[in-house]
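Below, in structure tokens: the form predicted on its own, a single chain.
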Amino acid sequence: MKIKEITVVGANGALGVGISAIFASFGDVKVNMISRSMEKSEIAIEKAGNSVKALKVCDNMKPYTYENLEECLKKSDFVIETIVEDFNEKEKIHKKIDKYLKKGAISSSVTSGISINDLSNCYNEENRKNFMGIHFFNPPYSLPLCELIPAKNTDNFVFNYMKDYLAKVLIRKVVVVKDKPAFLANRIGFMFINQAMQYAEKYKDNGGIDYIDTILGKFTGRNMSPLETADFVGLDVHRAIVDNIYENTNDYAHETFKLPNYVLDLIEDGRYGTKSGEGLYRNNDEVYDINTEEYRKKRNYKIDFIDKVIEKFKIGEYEEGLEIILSDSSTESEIYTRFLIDYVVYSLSISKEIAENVFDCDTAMAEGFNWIPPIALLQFIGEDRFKEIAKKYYDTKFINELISKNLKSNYQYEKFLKAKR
């Protein structure tokens, strides 16, 4: 089994472009890029070359349309679908892929949470063995996480071949996860983001969206604050992910995935975030005010503990910065501490349910979101101290069972804690 030529279905989308570039450059394979028009595929090839800063990889890519699907599939060793996150649309295309798939070829879907088992039913018995979910993160060149999801009928040899190929050839950080809503990284990340949306509504009189983003800013271990991240992802995409989780799971954090009404209103108005020009934010310097339902200038909130922590982080005094956070009694510090605890607890809990091992939550969040890894954060706080704080919010037995002795992360927390708001 060797991958020499692939077909990317839906190649003109952001993920399709990024994935095509990764295969064409790291894999040095021929990439057939299928879009709705030849023009879109040609533009996608140019974007792909720019995304890996190596225009010569464009020589490995060829533009096609859906009219060429049969031609492309019959010569491809691997097929990856990256179309819109809608089961009905994906079902249609996978039934076509099944019809024309080359014998022995591997087929896959890039989805942020649609059931891989349900999609596998689009295939005949033989092709079903070679089907799996492969969840790349956007942009793939910067975020190397790849969640690999077997369907119940996926052949072990084929699955392990693809796992090795992704890790050794495409240089991905591969995490194997069960076929559960949103898988691992998004399950954790969107819990945090949606909880931030809920807190923005709860504290709308304090400022709401930009107030919460200030409290959960870069100094907390993420490159982009959570509500800015939601705008970047797209509020419509965010809704699809959290609605899927809310409707199809029932863990202890179930209500955290309920989308606030003000976000629903923005989506109904076509305010999806960055891609539409406005969402939670507008024009980089304006934010949606939940109370007035209008945009206003972002505020520079004066929060003493944050400024003090950032000064400590600037000179590498991380432990001293932590002491400032945990000893502060302000509302803002209490909000931050609660999010810190919830992030670690949910990450450990859901990893034990979905992943191969608990340490996969660190890989998922570091390599898929560029957020501070949960176990690294736990180590930073200290196991005993973390348990003591967590018991304010959770049952003592639950926390003691969840956090086993001497959990050690492979990541250093320092690189994630920015000396910035």
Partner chain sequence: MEKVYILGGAQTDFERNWSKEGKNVIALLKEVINSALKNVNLTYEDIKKLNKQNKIAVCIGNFAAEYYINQGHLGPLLTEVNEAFYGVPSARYEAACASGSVAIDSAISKIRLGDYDLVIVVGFELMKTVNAKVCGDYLGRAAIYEREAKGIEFPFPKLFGKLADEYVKKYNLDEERYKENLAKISCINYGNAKRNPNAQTRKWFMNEKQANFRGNPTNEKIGSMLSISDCSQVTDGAAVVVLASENYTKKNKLENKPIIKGYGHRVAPYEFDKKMQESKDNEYILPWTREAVCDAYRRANLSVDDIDLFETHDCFTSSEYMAISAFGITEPGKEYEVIENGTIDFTGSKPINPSGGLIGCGHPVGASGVRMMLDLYKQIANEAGNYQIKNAKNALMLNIGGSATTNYVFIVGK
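Residue numbers count along the first chain shown, from 1. The model shown is predicted, which means the values in this text are computed figures rather than measured ones.
If you look for the form predicted together with the partner chain, you will not find it shown, but the lines that follow are about it.
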item: The unique member of Tyr246, Phe313, Tyr295, Phe305 whose heavy atoms fall within 4.5 Å of the partner chain in the predicted bound form; value: Phe313
item: Residue (of Lys392, Lys352, Lys56, Arg36) lying close to the partner chain in the predicted bound form, criterion heavy atoms within 4.5 Å; value: Lys56
item: Contact of Glu367 with the partner chain in the predicted bound form (heavy atom, 4.5 Å); value: yes
item: Partner contact for Ile6 in the predicted bound form: the partner chain, 4.5 angstroms, heavy atom; value: no
item: is_contact(Asn12, the partner chain) in the predicted bound form, heavy atom dist at most 4.5 Å; value: no
item: Any non-hydrogen atom of Asp28 within 4.5 angstroms of the partner chain in the predicted bound form; value: yes
item: Joint contact, Pro144, Ile171 and Glu414 to the partner chain in the predicted bound form, by non-hydrogen atom at 4.5 Å; value: yes
item: Stretch in contact, per heavy atom within 4.5 angstroms of the partner chain in the predicted bound form, of 266-274, 136-144, 205-213, 83-91; value: 136-144
